[in-house]
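Shown here is one chain on its own, the form predicted alone, set out as structure tokens.
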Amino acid sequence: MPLTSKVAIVTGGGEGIGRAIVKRFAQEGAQVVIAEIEPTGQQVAQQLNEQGLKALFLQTDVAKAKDRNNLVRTTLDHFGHIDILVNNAGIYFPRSVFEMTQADWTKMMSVNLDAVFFLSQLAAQAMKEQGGGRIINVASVNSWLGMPLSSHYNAAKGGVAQITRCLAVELAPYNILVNAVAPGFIKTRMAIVDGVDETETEFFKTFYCDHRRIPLGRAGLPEEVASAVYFLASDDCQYITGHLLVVDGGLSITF
């Protein structure tokens, strides 16, 4: 089990991509701390522990500094070290440029961007003292693509990609590798907008799948993103840092 003795924090680990990452890490032997604002985090931890795997749930609102501090402090108190941090927690809600309020913008940034930096800062301090670690951020193809009703989301994800590059340079002397994944259309709750799963609409099936706007002809699965995150967290990843690994079925290479 390649991650045996490793301690990993996964934010937003109660559902979707986060849950898939938690399960993959636990199956590979890691002790996983599930940082989640929803009760689903507790349910995932319970399921894994019943299977003989190791998971700890900490209710966490990553937008709050006190919760971030508690997450890192409790993890260190409980396990003694932090080897892997996955900044996965994220939110999305559509807003046009004409409807966007300061509160909308601030809410999006606090979860999708600010929390990534400040949690990385906290974890990096522990990793520096122990001689190394891995930070993996979940960005998006929206980091560089334009999209209507999403200026706040895309700006935040673009920031995540840039934070990844900057932290990779700054933390390299301490043997801390910092990378990111950029998912495309993935079948998660975030794909549901106004009660409609966009990956199940006729438009999506025709335009993206049948016409091969996505060359692989389908939406991705959370487990496929988790596999990419696992690689970046594993010992197979030794000489890669500051990289944005795209997991989108080829979406972003078409035009």
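Treat the numbers as computed from the prediction; the structure is a model and nothing was measured. When you see a residue number, it is the position in the sequence shown, counting from 1.
There is another form of this protein, the form predicted in complex with a small molecule, and it is not shown here; the text below is about that form.
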item	value
Glu15, Ile37 and Ile186 each touching the small molecule in the model of the complex (heavy atom, 4.5 Å)	yes
Proximity of Asn179 to the small molecule in the model of the complex, heavy atoms at 4.5 Å	no
Contact test in the model of the complex: Gly90 vs the small molecule, heavy atoms, 4.5 Å	yes
4.5 angstroms heavy atom contact with the small molecule in the model of the complex for Ile163	no
In the model of the complex, Tyr153 touching the small molecule (heavy atom, 4.5 Å)	yes
Partner-proximal stretch of 95-103, 76-84, 131-139, 118-126 relative to the small molecule in the model of the complex, 4.5 angstroms, heavy atom	131-139
Interface residue in the model of the complex among Ala63, Leu53, Leu56, Ala228, criterion: non-hydrogen atom within 4.5 angstroms of the small molecule	Ala63
